[in-house]
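This document starts with one chain, in the form predicted alone, laid out as structure tokens.
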């Protein structure tokens, strides 16, 4: 078996074993009706995939997560560049950033629902809140890790501070920003689902809550499987985008064949 194929083969075997164990435990009624058989779940999932409601909810979840992630990226990188480059901005925002750092989005969910209601805007706000700070902090680390010799060389060539930020500092910080985006992408999906599950926002989270409230455990597990696959896609696309954007960086540069 070729080395490139072997990991995928082992992955398939692992998934098959997990499904077999799931089926056996469900048939043995280990958790009663709360754990339906895998065959029932996938049969129900096939039915769900044929409904317009599912695709509408899926579109809402993906749309909110991607839009919020884009807004958080633009704002986070801009704030991070300012905080990392200028001492006055750093000290002016230090207390606020340190205060917000340990606050997860779930904590402010009741306040967001109270102010914005169970709406897409509420979900969007929560996702931006959850993704913004990690992007800011990673950008700051990248800015502060910029080689001072490169900065001085740019100044010696007559570059202004704005041009140095754009042509020296930002490229230097890009690997840090790429890492932040790779972490934030699945987090955006998770927060979007939580906003629907606990806050009533639109999307698959709301569908999961409705299935749980109705005791429709087969639909609940089916939707969870969809979210798992969606999370893998989010992470895979983010990794691919990071590799494409940072192809010039030494950690991504392909070895030149001899």
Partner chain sequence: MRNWVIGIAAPVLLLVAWWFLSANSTDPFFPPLETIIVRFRELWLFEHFQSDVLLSLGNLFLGFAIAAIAGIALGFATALVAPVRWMMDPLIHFLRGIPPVALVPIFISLIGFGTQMRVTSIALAALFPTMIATVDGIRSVSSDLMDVAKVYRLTRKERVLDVLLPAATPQIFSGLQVSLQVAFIVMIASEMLGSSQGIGAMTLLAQQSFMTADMWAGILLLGVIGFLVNILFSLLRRKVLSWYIGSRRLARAS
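Just so you know, these numbers come straight off a predicted model, no measurement behind them. Residue numbers count along the first chain shown, from 1. We call the rigid core the largest set of C-alpha positions that still match within 1.5 Å between the two forms.
The following text describes the form predicted in complex with the partner chain, which does not appear among the structures shown.
Within this chain, residue 228 lines the site of the partner chain in the predicted complex, having a heavy atom no more than 4.5 Å away. Looking at residue 67, you'd find every heavy atom of it more than 4.5 angstroms from the partner chain in the predicted complex.
By the criterion of a heavy atom within 4.5 Å, residue 157 is excluded from the residues contacting the partner chain in the predicted complex.
In the predicted complex, no heavy atom of residue 238 sits within 4.5 Å of the partner chain. The candidate spot formed by 37, 55 and 173 is out of contact with the partner chain in the predicted complex: none of the three has a heavy atom within 4.5 Å. Exactly one listed residue, out of 28, 46, 232, 214, brings a non-hydrogen atom to within 4.5 Å of the partner chain in the predicted complex: 232. Judged by heavy atoms within 4.5 Å of the partner chain in the predicted complex, the contact stretch among the candidates 147-155, 82-90, 132-140, 173-181 is 82-90. Along 189-203, residues 190, 193, 194, 197, 198 each place a heavy atom within 4.5 Å of the partner chain in the predicted complex. Superposition of the core reveals a Cα shift of less than 2 Å for residue 240 between this form and the one not shown.
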